[in-house]
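Okay, here we've got a single chain as structure tokens, the form predicted alone, with questions on binding and movement later.
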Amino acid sequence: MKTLNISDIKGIMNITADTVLENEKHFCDLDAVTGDGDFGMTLAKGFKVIKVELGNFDSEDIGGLMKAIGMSMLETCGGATGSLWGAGFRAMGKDAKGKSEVSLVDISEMVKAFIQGMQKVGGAVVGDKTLLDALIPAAEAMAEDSKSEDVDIAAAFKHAGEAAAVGAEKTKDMIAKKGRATYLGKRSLGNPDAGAEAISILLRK
């Protein structure tokens, strides 16, 4: 597969939403170790609404869909999760504005935009023990694959998921520098970041 259309994107978002809902408790349990324990519940709240909105979205504009998802996350989730994921999806929507079809190169740029949107809000970088420790390596893997015409989108996502899994595992050895986990200091060692683990699971579906 070399390109994705709006129907393909909706399918991916549906799978993502289902995966979030299936792992709601798991994500909460991970977050309970270093945070408030509500990450899974908050994320699930947003993706429940997104599943409904996917069926109601009748435009062929992929950017418009991403922007709508971002606004939904911002309004439904609230708090840090709503702000970060909302900003990420809205930045992705801006990058893909007017596109009815996207290539691997386009998708790679959309993921970069998602990261930049999150960083504008949260300011995190690799090593801060956040979801970006999984997402940034995934984006780098996808960007590398996008340079080759021989790599299709499914294979690129597989590589990205593998990179995300490695990144999420590394967060066990990190001291949190962002979010509520910072209050734990060295006590945050030994446990993976819930957001990074979520990215790893979502990208490997």
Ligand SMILES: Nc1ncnc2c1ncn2[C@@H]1O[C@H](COP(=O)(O)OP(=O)(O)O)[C@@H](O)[C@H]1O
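A residue's number is simply how far along the shown sequence it sits, counting from 1. Quantities reported herein were computed from a predicted structural model and do not represent experimental measurements.
What comes next is about the form predicted together with this ligand, which does not appear here.
Residues of just one listed stretch (50 to 58, 147 to 155, 160 to 168, 33 to 41) have heavy atoms within 4.5 Å of this ligand in the model of the complex: 33 to 41. Of the listed positions (172, 26, 45, 178), a single one reaches within 4.5 angstroms of this ligand by any non-hydrogen atom in the model of the complex, namely 178.
The contact residue chosen from 71, 105, 80, 126 relative to this ligand in the model of the complex is 80, the criterion being a non-hydrogen atom within 4.5 angstroms. Shown alone here, residue 122 lies within 4.5 Å of this ligand in the model of the complex, counting heavy atoms only.
Taking the partner from elsewhere, residue 84 is found to have a heavy atom lying within 4.5 Å of this ligand in the model of the complex. Mapping the unseen interface onto this chain, residue 132 counts among the residues with a heavy atom inside 4.5 Å of this ligand in the model of the complex.
Residues from 47 to 77 do not approach this ligand in the model of the complex: none has a non-hydrogen atom within 4.5 Å of it.
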